[in-house]
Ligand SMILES: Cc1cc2nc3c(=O)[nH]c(=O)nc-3n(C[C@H](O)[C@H](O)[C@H](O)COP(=O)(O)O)c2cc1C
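Single chain ahead, written as structure tokens, the form predicted alone.
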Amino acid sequence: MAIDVTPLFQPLCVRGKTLRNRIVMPPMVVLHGLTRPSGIEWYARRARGGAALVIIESTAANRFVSELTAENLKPLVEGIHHYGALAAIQLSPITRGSRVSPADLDRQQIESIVCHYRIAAQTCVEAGFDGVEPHGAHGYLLNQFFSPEQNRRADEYGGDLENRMRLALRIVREIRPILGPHRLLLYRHTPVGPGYGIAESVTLAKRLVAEGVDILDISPSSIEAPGDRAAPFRGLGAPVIAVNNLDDPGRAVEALAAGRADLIAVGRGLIADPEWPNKVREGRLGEVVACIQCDQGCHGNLDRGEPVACTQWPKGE
């Protein structure tokens, strides 16, 4: 039976910026590099394939102190813009693979993290990014601060919910003015985690929106109903991104049509087939190169420290 994909291809205006459709490439570590030609081409190709918003993989904020500059990031942004997509980047408080918990940080180190976010945000503005996204999901450091089971601090950054929200809210409060009135501030959050659930997450989301977050990136939803865990975050004053097994066009449309999300993140699907949005829009569903969730070319390569690929690509790619 044919799928009416019209809901996926309605534009959405956020803070004066127009997303040409509802399809987002979520931040996925791919190890192709942000300043190398291969990395620039990787992200530009997904923009060319029709995604409305391309979110660059999680990148440690401290890399912007010296390594990542406005000048060496501009080609990445320009490559995405050339094909009509908006460009955002996810910012992580620490280097990927670092084993740091909330208890490991003293106040000076927390202040350094906040400072690095300010530097990163300013660099991203100068490079031309349309938005930035603090990474507060999937058990990484900011998410650990939110979790009562993982955050055992006894100071103002631990204990009750207000304190466990403090670092996330500080970061958002610091970088919102740097982004100015015309750039997007996203925040990625996992809605259910160790010791917390939807109710506390909604409280955080309300505070984030009050501090100037424009888009709530809720990851993941459950497998049962497309976008189900994103749904409670709608109506808080910011569009909501849903993610998890939404590279099935029918599931993606259901999440939108059922009012569970405003935007759909297609992750594995855009690794397997950069043209996923264009093919779906044009009704060429039979031509979509589908992810088979073998985890060999993507996670397998990451485990070996190699750039992400896909076993479903034609030979030679």
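None of the values given here were measured: they were computed from a predicted structure. Heads up: residue numbers just count along the shown sequence, starting at 1.
Beyond the structure shown, there is the form predicted together with this ligand, which is absent from this document and is the topic of what follows.
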Exercise. Report whether the minimum heavy atom distance between A230 and this ligand in the predicted bound form is within 4.5 Å.
Key: no
Exercise. Answer with yes or no whether T123 is in contact with this ligand in the predicted bound form, where contact means some heavy atom within 4.5 Å.
Key: no
Quiz item: Looking in the predicted bound form, any heavy atom of R268 within 4.5 Å of this ligand?
Solution: yes
Practice problem: Please run the contact check for N244 against this ligand in the predicted bound form: heavy atoms, 4.5 angstroms, yes or no? | Solution: yes
Quiz item: Mind checking whether each of H82, A85 and K279 has a heavy atom within 4.5 Å of this ligand in the predicted bound form?
Solution: no
Exercise. Please name which of the stretches 254-262, 62-70, 23-31, 280-288 has residues with heavy atoms lying within 4.5 Å of this ligand in the predicted bound form.
Key: 23-31
Quiz item: Listed by sequence position, which residues of 160-188 have a non-hydrogen atom within 4.5 angstroms of this ligand in the predicted bound form?
Solution: R188
